[in-house]
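Below: one protein chain in two forms, given as C-alpha cells, structure 1 then structure 2.
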Structure 1
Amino acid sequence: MKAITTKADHVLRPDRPTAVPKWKKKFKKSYFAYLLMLPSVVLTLIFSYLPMPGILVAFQDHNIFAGLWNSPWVGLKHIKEVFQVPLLRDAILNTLMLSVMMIIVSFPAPILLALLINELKNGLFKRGVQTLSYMPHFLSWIAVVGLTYSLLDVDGPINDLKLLLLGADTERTMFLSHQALFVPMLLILSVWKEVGWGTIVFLAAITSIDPSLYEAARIDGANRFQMHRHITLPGLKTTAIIMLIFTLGGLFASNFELVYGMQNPFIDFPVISTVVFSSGIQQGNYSTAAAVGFVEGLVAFTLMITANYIAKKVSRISIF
C-alpha cells in the first residue's frame, strides 16, 4: 500500500529552542544572592576546610622539622592521654560545666529580653533600648576584660562605692582573686555582651507571627501573659530549637579570650582552649593539643547530630 503523505509533512518546522536546565534558571534568578555568599564560602574553605589535614598531627609524635608526612605515627596514643592526664581531664570537665551553665543562663536570656522589648509601645524608647543592648556586642572580649579589671580592681570604683556605703574602715576586696566568683563573672559578662545581639533573631521571629492571632485572642479576653504563652512562645519554638541545636554543637567550645583574659595567679580553672594554647603553642606539644581539639570536635559533632535527631523526633523541627 502506498503511504499517504499530507502537505503538512513537507512544511519545514522551526527548530525548538533548547531547554535551559533548571539549575541555570535558579542561578540566573538568584545570582546576586550567590555573589553575596561567595566571600563567606571562600573564607570557610580557607579557614575551616584547608586546615583539616592538620588533624593528622593528633596521631603522630609530630616533629615540625620532619613535617606532616615524615613524623612517626603513634596511633591513638595522644587521644588516650586526653582522658588520662589529670590536667586535660580537669579541662574537659571544667569546659563541660561552664558550657552547660552558659546554656542554662544565656540561652533563655535573649528570648526573655525580646519578649520585653516587644512589649514596649514607645517607638523611640524601644529603639533606644535595642541600640543600647546591641552595643556591648561590638566590644572585643579583651576590651570587656579590661573594663572588668578596672571596675573590680582593689582601687576601682566598686571598692570605692563599698567604702562609701559601709564606711572608710571597711576592707577592700580583691574580687578578681576569688575562685568562687570566677565562673559567675564569666556568666555575667557573657550575658551582658551577647544578650542584646541575640534578640535580633527572636524579634524577627516575633514580627513574623500573624497579628490576627493576637486580635482573635484579645477578642476572646486573653491577657498579655496568655497571649505570650499560647501565641508568641509557640511561634518562637522553631527558631529556638534551631538556635539550641547550633548552641549544643558548640558545647565544648569555651570562650578562650574571656577565660584566658580573666585568669590570674589566684585562679585555677583550665578549660580546653587554654590548655590547647598553653600546651600546644607555648610548650610545643602540638600532638597533644591536636588530640584535644580532635576530641572536642568529635564530641561537638556527636552532640549536634543527637540534638538534631531528638528535635526532629519530638517536634519535627531540624536543621537537616
Structure 2
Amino acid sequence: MKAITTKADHVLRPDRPTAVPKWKKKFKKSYFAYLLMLPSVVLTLIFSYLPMPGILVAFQDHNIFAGLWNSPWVGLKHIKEVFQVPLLRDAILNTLMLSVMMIIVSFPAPILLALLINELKNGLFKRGVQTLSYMPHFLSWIAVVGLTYSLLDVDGPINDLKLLLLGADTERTMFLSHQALFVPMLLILSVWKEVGWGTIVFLAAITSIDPSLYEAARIDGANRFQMHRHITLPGLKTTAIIMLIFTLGGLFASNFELVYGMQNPFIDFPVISTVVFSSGIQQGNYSTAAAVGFVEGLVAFTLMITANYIAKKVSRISIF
C-alpha cells in the first residue's frame, strides 16, 4: 500500500525516515561536478593560497631557520626602506616611467595597425601581413633578446647599415651598452613582439561594425577619413577600453623577462621585478624584497581598480 503523504504531513513530520536532508541530496547530485573541480581547487589552494601569508615576511626580519612564525617582527621597517634606499626608490621611479611610456607607445600601436591592415583588399597580401606580423608573439622573450643581441652586434646588420649610410670608415657602435638607448630599445622590442598579436582583437571588432553605417555615411558625402573618424574609431571604443584595462592591470608588473634579458654591466636601470629577484632570490634579503613586492602589488591593484572605475564612469564598461 502506498503511503499517502500531503504537504502538511511533510511539514508536521520533518523527521520522517524518508526525508533525506536537502544538502545531502544536493551533494549526491553534484558529487561528479565536485570531483571534476577537485584538482583545480587543490592546485589553487596549494600554489596560490598557501604563499599568501608569506607576505608577512615583509613585516619581519626574516630568518629562514626560524621560519615564518618565529622570525622577529619589525613592523613597517622594510616598507619604509622601500622609499628610502636609493636603489629601491630608483626601481620604483624607473618602473613608473617605463609603465607610462609603454602605455603611450604600445596601446595605440595595434589600433593603428589594425586600421591600416583593414584598408587592404582581402587577399594574399593582407593575410601575409597579418600572419607575419604576429609571428614574433610566439617567440620567447629570451629568444627576442637573443635576436636583438645578434642584430645590434658589432658585426651585426645594424652596424653594417650604419657603415653603409655613413661611410666605411665610421666606427662600429656597441649599441647594447648605451644607457640612453636602453629604454627606447625596451619600447621598440615590446611593440615589435606584440603589435601584430594586438591587432587580432581590433580587426575582429572592425568586422563586427554594421556595414550599413558606412553606406549611410557615404550617401551623406563622408570621405574615407571621416568614416573612420566617426564610425570605425567609435566602433572600437568598447574593445579599446577593455584592452586598456587589461594593459593597465598588468603594466606595473614591468616585464621582468625583457628588462632582465637586456640588462648588462653597462646599463643602470633597475626596475621593481629585477630588484625583487636580485635582492631576494640571489642575495637572500627576503624581507626587503618581499616589501618591494608588496608595494608593487598594492600599486598594481590600485591602478587596476582605478582604471576600471574610470572606464565605468566614462563608458559604462567594466571587466568586473
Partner chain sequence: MNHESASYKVFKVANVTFLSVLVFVMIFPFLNVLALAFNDPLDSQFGGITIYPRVFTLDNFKLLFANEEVIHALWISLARVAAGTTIAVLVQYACAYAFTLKDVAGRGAILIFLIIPMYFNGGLIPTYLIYSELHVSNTFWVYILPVSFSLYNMVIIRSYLYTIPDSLGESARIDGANDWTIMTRIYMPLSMPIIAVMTLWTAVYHWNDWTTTLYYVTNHKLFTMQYILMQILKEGERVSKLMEEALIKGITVVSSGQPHITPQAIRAANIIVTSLPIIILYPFLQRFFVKGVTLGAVKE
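None of these values were measured; they are calculated from a predicted model. We call the rigid core the largest set of C-alpha positions that still match within 1.5 Å between the two forms. Please note that residue numbering is based on structure 1, beginning with 1 at the start of its sequence.
Peer 1: Could you let me know which number goes with the form predicted on its own?
Peer 2: Note: form predicted on its own is structure 1; the other is not.
Peer 1: When the rigid core is used for the superposition, does residue 160 move between structure 1 and structure 2 (threshold: C-alpha shift of 2 Å or more)?
Peer 2: Passes the 2 Å threshold, so yes.
Peer 1: Inspect the rigid-core superposition and answer whether the C-alpha of residue 44 shifts by 2 angstroms or more between structure 1 and structure 2.
Peer 2: Superposed on the core, residue 44 moves its C-alpha 2 Å or more between structure 1 and structure 2.
Peer 1: Taking 2 Å as the cut-off, check whether the CA of residue 277 shifts that much or more between structure 1 and structure 2 after a rigid core fit.
Peer 2: It does not, since the residue 277 C-alpha is displaced less than 2 Å between structure 1 and structure 2 after the core fit.
Peer 1: Having superposed the rigid core, state how many Å the Cα of residue 54 shifts between structure 1 and structure 2.
Peer 2: Its alpha carbon moves by 2.4 Å.
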